[in-house]
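One chain comes next, on its own, written out as structure tokens in the form predicted on its own.
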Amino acid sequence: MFNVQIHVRLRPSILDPQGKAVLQAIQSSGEEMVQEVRMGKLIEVQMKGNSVQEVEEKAKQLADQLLANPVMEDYEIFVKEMAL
């Protein structure tokens, strides 16, 4: 069994109004160290498979077809084998 994390975020060229709103809220609270916020989503799944490579390839297919909009979003996949 494998734990798979798929991090999806807007491409840098895409305007991120949610990130801007969060940045404004943070800065309104008096925090001056935060200079930029980009929002995204984390999708975590457990998958069966014979190897990290096999699971990673299947997760990539899921991300391309269902979980991310490839026109507007980038994603990264992290696969970790779970202890039995």
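Counting begins at 1, following the sequence as shown. As the structure is a prediction and not an experimental result, all values here were calculated from the model.
Heads up, the form predicted together with another copy of the chain isn't pictured, but that's what we're talking about next.
*Asks:* Another copy of the chain in the model of the complex: within 4.5 Å of a heavy atom of each of 1, 40 and 67?
*Replies:* Yes.
*Asks:* Taking any heavy atom pair closer than or equal to 4.5 Å as contact, tell me whether residue 14 reaches another copy of the chain in the model of the complex.
*Replies:* Output for residue 14 is no: heavy atoms all beyond 4.5 Å of another copy of the chain.
*Asks:* Contact with another copy of the chain in the model of the complex for residue 9, defined as at least one heavy atom pair within 4.5 Å: yes or no?
*Replies:* Taking the distances in the model of the complex, the answer for residue 9 is yes, it comes within 4.5 Å of another copy of the chain.
*Asks:* Hey, in the model of the complex, is residue 25 touching another copy of the chain, heavy atoms inside 4.5 Å?
*Replies:* The answer is yes: residue 25 has a heavy atom within 4.5 Å of another copy of the chain.
*Asks:* With the partner left out here, which residues of 48-70 have a non-hydrogen atom within 4.5 Å of another copy of the chain in the model of the complex?
*Replies:* Stretch hits, in order: 48, 49, 54, 55, 58, 62, 66, 67.
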